[in-house]
Structures are given as C-alpha cells and as structure tokens.
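In structure tokens, the next block holds one chain alone, the form predicted on its own.
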C-alpha cells in the first residue's frame, strides 16, 4: 500500500497537495514528551501564543481562504468567512476559558482555604471534517491549547492541505512544534490515533458512523475524555406567516449553504397544508436562481461543488431512490458533468413515503413533508434518531415556546436558519448528533477537568474523639514488662 496521499481540487480535478501518511507512534511520543512543559506554562502565556496565532491567520488570510476554496470547492466568499471564524475563535475561547474553567478560592479561617482549579487532560487527538477543514478542528484545538493540552490533529483525508496550513500558522506563532502536530492519513491513521495508549482524549467532528465507531472503541476506557460532534437530519418547520419571501430565503440558507454540506443543514421542510402552496413555489423559484459554479467564478456563486465525485454519485443515487419509492420531484437535482462534483439544488416531496429513511444526506437535497397541524409538525420534526438543529419559521411566540420545549435538538431557532450557529454559544446535539459534550463556547468544559483542594500553609490537625488516654497507655505498657 502506498504511503503517499494526494489531494485534488473538486472543481477542476487538478492535484493541489501531495504528502506522506504520518507515523502515529512517532508523533504521539513527541506529543507525550511535550505535554508537561506546555501544561506548566501559565494560562496568560498560553493565551498570548493563541493571540499570536490569530495575528498569523489575519496576516495570511487571503492565501488561506484561497486554499480552503480550492480544496473544498466552496465559493471564495464562504472560504473567507471560514478564515474569519478561525481568527475570531481565539478571543471567544479565552473568554470561555475564564468563565467556564476559572479559579475559585474560599477562605475558612483556621480551616485554611478551599480551592477549585482545572488541569489539562494531556495529549488530545483532534479529528477534523472536510466541510469546514479549518474552522471546526480549530474549534477544538484552540480551547485545548489554552487549557494546557498538547494536540495531535488528523485532518480529513479529503482536505489535508488545509489541515497542514492551519498547523503551520500555529508554528509561525511560535507555538512549539511538538505541542501541536498534524498527522496525515485515512481511516487506519484515525483508528491508530484514537486507540493509542498515549492519547488522553479524542475530540471528533464528522459523521455519526465515525463517531459511533470511536465511542465503541473507547467504551471500555473511561480514562479518556471523548467529545463527539456529529451530523443531523434537521427539520425546519413552516407555520403561518405573511413573510413568504423572507421565509423562503431562510429555508434556502438552511438547506443549500455550503452545497448542503453542513451538519446543521435543513434536510426536511415540514410544512402545514395551509402554507404548502405559498412556500414551496417560493422556495423552488429561489432555488432555481442559485448560481452553482467554481470557487473563483465571477459573479461569485452561491454554491460550489460537493467534496468529490463519490459524494456526488451517492447523492444522485439517493435522489433517484427516494423518487422511485414514492417521493415527488419538485426541483430535479442535476449533474451537468459526470467528471466533476457539481450538483444543482434538489427538492422532493416525500410525504407519500411511509417509512422515510432517517439518514443524513450530506448535500443539496431538501425533502418536503406536508402535515395537517402543529401537533403533527412537531411529531414529524422529532421523527429522527438525530437531534442537532431545528428551526421554526412563522407562528406566534407561544408557538415557539412550545416548539422550544418539545423539539429534540441541541439548537432550536425561530425565524432563523438551522445553520450558522454562533461560536459564542454552546454547539452540540443529542441522539446520533453528539454525546452531550457541546463544542464552541462550551469546548472549555471538555478540555480541562476540575480539581478541588483543601489547603493550609502548615500542617495543623487534632483528633478530638476515639483516642485512649496517653498516660494510662504508658503505665500499662510498663507493667507488661515487669
């Protein structure tokens, strides 16, 4: 088997990067040696390193964005927003560390003091996805480094160039090379990293299948912290509203931003019968106008490619399978060139399918499901093993209050898209979407563990009860020796 990896541009098929599969054992040994020194750096010192990193990101913002656009196929405008998110993550993480893992001390006179502080776990393995190959792994890396951990980062095998560039910027900021390292490879490298005896934690963003495999692998080892950020079969529920155009834009943004390759993308539009004839044509007409083109096209497209031909083939097959099993095509998903993974938005009415497959179709395909009333809409929204994101469009405040309480999701929005979550809030889901360790602002929670202390500056102790009299004990002892 070859030890060489090659990455190509989805929009052109041209080679963009070539490198070797990493040696997990060697990299892990270096990380383990570096962990003590990095943990002993003061928190302000580690934060200063991260601020230097943010400056390096700003300095290299345009070539960074161009690389992301080329390797993922997403439009340049969107790649630029990803770079901005990478930079902004630093100050957000510093604030989160202070708030979520701050120190506390309580004085108690003669009893000394009680303290709460946090320790890093040690060596953290970060496994990143291809849809946001810089922003999402960076959302684990920066909080982990601030907390005093060292990081071994395995980028997706579909976006190794971006992963390597990201780590290079940490090193440009003078973060020691062994403190944050990149290891390239596919599934085997990921398995070796997750199961390595020197790993103290695994921070994963990716598919439910990948996350479940990690969870099973480490189920018998509670010593390792595991944070799983997985996908979703996310609903957007449509109630009555006079704002049809705004609602249509919200649905389009939810379903088709990043060519539908977001874990928070809307996969299902659950719409009341009374609103169907207004909203579905509005969404369809707007979807037809979306520009699909290569990342650097002028004018800039709304959508670029999906990640590769394999993903495009699977999405087309899924579209055809759904329409052959009772779904009605509203807007046909098309692929103009079989050699390149460009897909136009697809919309189908899946109401007539008795048992709709509960899968994450990771691309620009939206299923419409008609319901009679709000009760049925909530039931349909929750008709999934996933639980990441859900949005309500239209309705009254009381409707959203009920939706918030009854929707099974970690992110519940009103008149806002299902995607585009803020890094200044927790990000995570339930069911097959995560393991109750939300990322973003709450990443600080899984990057360090709390340690309680009771402290005195000198030993001071006494035993008040349960001791024999010292004098009597001595006399008995003497009598025994006569």
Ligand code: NAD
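Numbering follows the first chain given and starts at 1. Small disclaimer: the values here were computed from a predicted structure and weren't measured.
Here the subject shifts to the form predicted together with nicotinamide-adenine-dinucleotide, a form of this protein not shown in this document.
Between nicotinamide-adenine-dinucleotide and the residues 241, 207, 383, 323, the one pair within 4.5 Å by heavy atoms in the model of the complex involves 207. The partner is absent here, but in the model of the complex a heavy atom of 214, alone among 175, 369, 214, 311, sits within 4.5 Å of nicotinamide-adenine-dinucleotide.
Contact with nicotinamide-adenine-dinucleotide in the model of the complex holds for all three of 230, 263 and 427, each having a heavy atom within 4.5 Å. Interface membership of residue 186, defined by any non-hydrogen atom within 4.5 Å of nicotinamide-adenine-dinucleotide in the model of the complex, is confirmed.
Contact check for residue 341: no non-hydrogen atom falls within 4.5 Å of nicotinamide-adenine-dinucleotide in the model of the complex. When contacts are judged by a 4.5 Å heavy atom cut-off, residue 128 counts as touching nicotinamide-adenine-dinucleotide in the model of the complex. The closest non-hydrogen atom of residue 387 lies beyond 4.5 Å of nicotinamide-adenine-dinucleotide in the model of the complex.
Contact with nicotinamide-adenine-dinucleotide in the model of the complex, judged as any non-hydrogen atom within 4.5 angstroms, is confined among 357-365, 99-107, 313-321, 332-340 to 357-365.
Contacts with nicotinamide-adenine-dinucleotide in the model of the complex, taken as any heavy atom within 4.5 Å, map to no residue of 19-44.
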